[in-house]
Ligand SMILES: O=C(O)CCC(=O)C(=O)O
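Next up is one chain by itself, shown in structure tokens, the form predicted on its own.
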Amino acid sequence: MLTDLELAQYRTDGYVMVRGAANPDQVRALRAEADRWVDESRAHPGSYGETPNGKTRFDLEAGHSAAAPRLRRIANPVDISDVYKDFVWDGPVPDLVAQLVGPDVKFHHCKLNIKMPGMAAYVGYHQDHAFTPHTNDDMVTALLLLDDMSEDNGCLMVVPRSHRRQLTHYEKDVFRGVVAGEHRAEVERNAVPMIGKSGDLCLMHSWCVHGSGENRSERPRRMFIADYTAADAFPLTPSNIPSIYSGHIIRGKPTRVARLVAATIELPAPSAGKSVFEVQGQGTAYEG
């Protein structure tokens, strides 16, 4: 359970790091699945698999090959792996999220981000709510470190107290998936690294600005990310990463009543078959 101090930090800063949230056996099982998917990707010349909205499930970085696989994201591993589904449903995370938005908690979507040594993948600074706006912002992104993380291998970077305002992710009427240029210098100046050990967990508000750099080390950097919402938070746009389990109640009970918070919210543009990396301008490996 979150302590009073951890709850206070989340409310004040928009995030909190929970040390040792997942036990080593859980992490080993999740990592083994990740290793299996990386090996499987060697047989594919480009991004492959399919999600409920037609996007590819396994997103490969440009330069991917059998000899040097560059699998950078698996969309909704819960759809294809009992190991990941069990962690999302029955691991330590749902009870922690219930303290923040509960008692009724709903699953939205999840993804596994991978940065192996030599890969160019990074995540530009953004707010999750800009990608998936809801009727209210009782939404938590849970980020589980599968590897030890530091600045040299591209750890998560967050901007304290940035959850208190909404930043545009448009430039010249195009949805770029990153905070607009006029805010970028400020964001980068104020971002702090989430250095941690394998099994640590960061709980982050959906308006908290965050990103991460490239892996410039010889160590892998894998992070499992699951998005949860209050049961009465309903999406205003279709999920950009839909799961067969999107909307399932994880804790408590469902509701047919949406709670609306008075706000003016900028809606994201449809991204067709693009992954967040493509939306942010990064190269992708294609079939053929």
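Everything quoted here is computed from the prediction, not taken from an experiment. Sequential numbering from 1, following the sequence displayed.
From this point on, the text means the form predicted together with the ligand, which you will not see here.
Colleague: Specify the contacting stretch among 158 to 166, 86 to 94, 132 to 140, 207 to 215, defined as having any heavy atom within 4.5 Å of the ligand in the predicted complex.
Modeller: It is the stretch 207 to 215.
Colleague: I need to confirm a contact call. Of Val105, Cys202, Val123, Leu146, which residue comes within 4.5 Å of the ligand in the predicted complex, counting heavy atoms only?
Modeller: Partner contact (heavy atom, 4.5 Å) among the options: Val123.
Colleague: My question is simply whether Ile225 lines the interface with the ligand in the predicted complex - judged by any non-hydrogen atom within 4.5 Å.
Modeller: Within the cut-off, so yes.
Colleague: Does Lys111 reach the ligand in the predicted complex if we count a contact as any heavy atom within 4.5 Å?
Modeller: The answer is yes: Lys111 has a heavy atom within 4.5 Å of the ligand.
Colleague: Arg221: heavy atom within 4.5 Å of the ligand in the predicted complex?
Modeller: Close contact exists here: in the predicted complex, Arg221 approaches the ligand to within 4.5 Å, heavy atoms only.
Colleague: Taking 4.5 angstroms as the cut-off for heavy atoms, does Asp128 touch the ligand in the predicted complex?
Modeller: The answer is yes: Asp128 has a heavy atom within 4.5 Å of the ligand.
Colleague: Note that the ligand is not shown here; using its position in the predicted complex, name the residues of 73 to 91 with a heavy atom within 4.5 Å of it, in sequence order.
Modeller: Only Arg73 sits within 4.5 Å of the partner.
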